[in-house]
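Okay, here we've got a single chain as structure tokens, the form predicted alone, with questions on binding and movement later.
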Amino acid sequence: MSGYFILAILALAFLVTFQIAKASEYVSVLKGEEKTFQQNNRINAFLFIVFLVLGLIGAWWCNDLFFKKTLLAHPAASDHGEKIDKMLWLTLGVTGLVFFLTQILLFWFAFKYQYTEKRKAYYFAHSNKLELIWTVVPAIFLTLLVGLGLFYWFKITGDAPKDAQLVEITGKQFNWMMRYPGKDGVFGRKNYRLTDASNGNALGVDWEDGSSHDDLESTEMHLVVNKPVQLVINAQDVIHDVGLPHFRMKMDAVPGIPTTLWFTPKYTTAKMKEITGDKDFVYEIACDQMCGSGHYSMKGLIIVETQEEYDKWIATQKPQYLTVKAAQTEASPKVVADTLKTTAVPASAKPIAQNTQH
């Protein structure tokens, strides 16, 4: 029903526009074409200035009204994010200056050089100087901006500090799954053929690999404030994208091709609630790649906390291996106790390179 209503409005708008054009044509015949043309030209030139002024006021008003709802109203929550913000402000400064200059000149020239009988248009076919200016100057600025972006990109995707916390995040339609290495600091081997969510192995971990016996799995990402963290990113079905808006980071999650990025969280979740003035604030993991009908609901939660808080949380977690084995057979108390001794490592422990064999 709403579709027919929209079509009716469009048809009515077309009819009104057509009638106004016809009425203007009849008035032109009565008054004389030349006189009507000059009058309309003056009106249009004046409207150009009105549109310029109202447009600039509108741009300022929209910025004042909605800026607090943007991410730029609050500081980036990571060290790399601060650099991304600086790069963004630089880009906005350069492009914003060009925008305002070109728009003001565009509308002002339309007013100043409106048609009159006394003015004759100046025409020239070619100018090497002008072409050099509007080609070389933008090229220089764009090269600098692209170069700066590449520098930060290689920094973010490069080697993380040796003491960085290690977290694996895997996306599937439509949720995120986290895995943490145990006391050995190594992720257990994975094989997609072993994926069996109904039996507790949603990540396809190879339980024959001893390194997997102390790995912890969670639906939340727990990070330690002021401690570097490296994310190992995977996908199980289609391409997803780990979007970390408050940290100003993102990285594609590609099936079969692990990707990585690293950063250092600057503020705990509790501190960010104070900064934003939002008592319900949470760090969110968003999927920034259209991945299906449930894309909008693919959200994850990040909790940034102190080392002490993280250690308390990690101590409450049980290795997924024990959970799976307990569900399959009745594990003896001794086996459970012996396995737990090798788990629950605090984030302060130095992680070892992960086992990436698939």
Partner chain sequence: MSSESIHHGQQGVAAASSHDLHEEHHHHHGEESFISKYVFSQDHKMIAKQFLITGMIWAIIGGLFSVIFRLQLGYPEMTFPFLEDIFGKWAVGGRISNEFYYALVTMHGTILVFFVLTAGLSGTFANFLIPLQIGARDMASPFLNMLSYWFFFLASVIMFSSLFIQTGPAAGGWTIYPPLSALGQASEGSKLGMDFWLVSMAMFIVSSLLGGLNYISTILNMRTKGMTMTRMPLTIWAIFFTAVLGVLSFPVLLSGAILLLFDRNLGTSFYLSEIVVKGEILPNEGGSAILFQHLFWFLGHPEVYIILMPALGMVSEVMSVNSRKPIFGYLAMVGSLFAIAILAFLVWAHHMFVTGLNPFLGAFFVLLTLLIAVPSAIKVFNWLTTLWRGNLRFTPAMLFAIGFVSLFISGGLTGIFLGNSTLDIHLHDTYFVVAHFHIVMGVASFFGMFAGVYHWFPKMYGRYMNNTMAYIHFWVTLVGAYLIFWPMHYAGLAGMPRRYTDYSNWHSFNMFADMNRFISTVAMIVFAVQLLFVFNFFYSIWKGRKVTTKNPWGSNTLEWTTPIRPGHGNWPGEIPEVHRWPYDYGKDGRDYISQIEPIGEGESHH
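In this text, the rigid core denotes the largest set of C-alpha atoms whose superposition between the two forms falls within 1.5 Å. Numbering follows the first chain given and starts at 1. Model, not experiment: these values are computed from the prediction.
The same protein also has a form predicted together with the partner chain, omitted here; what follows describes it.
Undergrad: Looking at Ile84, Met272, Val186, Val232, which has any heavy atom no more than 4.5 Å from the partner chain in the predicted complex?
TA: Going through each option in turn, the one that passes is Ile84.
Undergrad: So which of Ala315, Ala327, Val53, Leu47 reaches within 4.5 angstroms of the partner chain in the predicted complex, heavy atom to heavy atom?
TA: Selected option: Leu47.
Undergrad: Since the chain is shown here on its own, which stretch among 205 to 213, 222 to 230, 162 to 170, 248 to 256 would lie within 4.5 Å of the partner chain in the predicted complex, judged by heavy atoms?
TA: Contact-bearing stretch, as computed: 248 to 256.
Undergrad: Tell me, yes or no, whether Ala77 is in contact with the partner chain in the predicted complex, where a contact means a heavy atom of each within 4.5 Å.
TA: Result no; Ala77 lies far from the partner chain in the predicted complex.
Undergrad: Should Ile156 be classed as touching the partner chain in the predicted complex when contacts are defined as heavy atoms within 4.5 Å?
TA: Answer yes; at least one heavy atom of Ile156 falls within 4.5 Å of the partner chain in the predicted complex.
Undergrad: So in the predicted complex, does any heavy atom of Met177 sit within 4.5 Å of the partner chain?
TA: Met177 lies outside the contact set for the partner chain.
Undergrad: Consider Cys291 of the chain shown here, and say whether it contacts the partner chain in the predicted complex, taking contact as heavy atoms within 4.5 Å.
TA: Within the cut-off, so yes.
Undergrad: Heavy atom within 4.5 Å of the partner chain in the predicted complex: which residues of 95 to 130 qualify?
TA: Contacting residues: Thr95, Val98, Phe99, Thr102, Gln103, Leu105, Leu106, Phe107, Phe109, Ala110, Tyr113, Gln114, Tyr115, Thr116, Arg119, Lys120, Ala121, Tyr122, Tyr123, Phe124, Ala125, His126, Ser127, Leu130.
Undergrad: Superposing on the rigid core, does the Cα of Gly149 end up 2 Å or more away between the shown form and the other one?
TA: Indeed, Gly149 is displaced by 2 Å or more.
Undergrad: Using a rigid core alignment, state whether the CA of Ala197 is displaced by 2 Å or more between the shown form and the other one.
TA: For Ala197, whose C-alpha is compared between the shown form and the other one after core superposition, the shift is less than 2 Å.
Undergrad: Hey, does Ile140 budge by 2 Å or more at the Cα between the shown form and the other one once the core is superposed?
TA: The answer is yes; the displacement is at least 2 Å.
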